[in-house]
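Next up is one chain by itself, shown in structure tokens, the form predicted on its own.
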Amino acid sequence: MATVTLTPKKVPSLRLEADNITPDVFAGKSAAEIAGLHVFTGNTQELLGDYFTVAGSAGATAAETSIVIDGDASRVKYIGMKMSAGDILVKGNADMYVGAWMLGGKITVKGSIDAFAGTGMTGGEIIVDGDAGNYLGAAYRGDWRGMQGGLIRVGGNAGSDIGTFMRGGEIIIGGNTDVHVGTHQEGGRIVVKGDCKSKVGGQMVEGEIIVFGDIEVMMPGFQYRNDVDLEVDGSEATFALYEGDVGERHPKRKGDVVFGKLYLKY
């Protein structure tokens, strides 16, 4: 696999909008051609090479292209947006919209990420060693299609509104979350290995939320059903199964009403 290394050389005065940092866009290009790609600071169009030293060259296809950002990218937005293949490694933090509308491939961030990572993603993997901001794997504002496939794994904590309108895929949080996990969830699985605050599964229709820690305030629309033994991400434990949100309209399959499932570890 051919590798392109981007080394930050200047901190942008505004957030740098760099949706061209993807294997799909880099594929088939030399270092000079990649440095000549456009980026934006506000409404000003600039060049990727104004902010990064570019070394190496891309592969013939996205699947044959690896991108390494060798430094902090905490003011760089849209890394890996709509990528379909290949991989990206960020050796530091990253800004908003990491892997937004991602189709495939893998993004690894060694630091933390800001809000809206994995928005509307349908495939691929986002692996974050640190923390994640709000709206992880959620729908874009005003849309009803959140994450639909793929995997997001966060080693640390995550913010609020995780998996809003989620329809498929899996989100695994190693630490704690803020409010509104799985709001309007219609499929997929969210695993929280730490604690959650209130409004977990609000207006949830389908899918699974699995919490290993505590939920500060349970939603009244969830009803206890029974205890179950589950193996989740390599760990076996006993969970209390709740179904809900019972106040919502739920689909039927073979005559049975389908509810969202909320599992809380004993």
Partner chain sequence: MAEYLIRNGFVYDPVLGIDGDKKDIAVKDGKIVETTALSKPTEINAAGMTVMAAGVDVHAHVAGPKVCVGRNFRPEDKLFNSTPQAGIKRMEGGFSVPTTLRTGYNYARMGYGFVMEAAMPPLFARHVHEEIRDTPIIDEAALPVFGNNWFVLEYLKNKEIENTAAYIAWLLRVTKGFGIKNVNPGGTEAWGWGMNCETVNDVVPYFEITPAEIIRGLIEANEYLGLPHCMHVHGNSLGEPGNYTVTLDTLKQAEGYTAKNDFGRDTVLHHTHLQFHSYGGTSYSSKGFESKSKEVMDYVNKQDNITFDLGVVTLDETTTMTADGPFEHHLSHMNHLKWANVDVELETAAGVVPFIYNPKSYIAGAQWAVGIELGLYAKDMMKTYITTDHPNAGPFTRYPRVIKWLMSRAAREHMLEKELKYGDSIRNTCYIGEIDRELTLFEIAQMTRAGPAKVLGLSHMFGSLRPGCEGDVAIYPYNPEAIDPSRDPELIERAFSTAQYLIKGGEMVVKEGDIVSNGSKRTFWVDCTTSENPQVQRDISEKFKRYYSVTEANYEVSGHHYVPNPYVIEVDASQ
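Just so we're clear, the structure is a prediction, and the values are computed from it rather than from any experiment. Residue numbers count along the first chain shown, from 1.
Same protein, other form: the form predicted in complex with its partner chain, not shown, and the subject of what follows.
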Within 4.5 Å, heavy atoms only: does residue 89 come near its partner chain in the model of the complex?
no
Residue 249 near its partner chain in the model of the complex, any heavy atom under 4.5 Å?
yes
If you check in the model of the complex, is residue 85 within 4.5 Å of its partner chain, heavy atoms only?
no
Would residue 110 count as a contact of its partner chain in the model of the complex, using a 4.5 angstroms cut-off between non-hydrogen atoms?
no
Sort through 72, 195, 129, 143 and report the residue having a heavy atom within 4.5 Å of its partner chain in the model of the complex.
143
Based on heavy atom distances of at most 4.5 Å to its partner chain in the model of the complex, which listed stretch, 187-195, 121-129, 170-178, 143-151, is the contact stretch?
143-151
Let me know which residues along 83-105 have a heavy atom within 4.5 Å of its partner chain in the model of the complex, or say none if there are none.
101
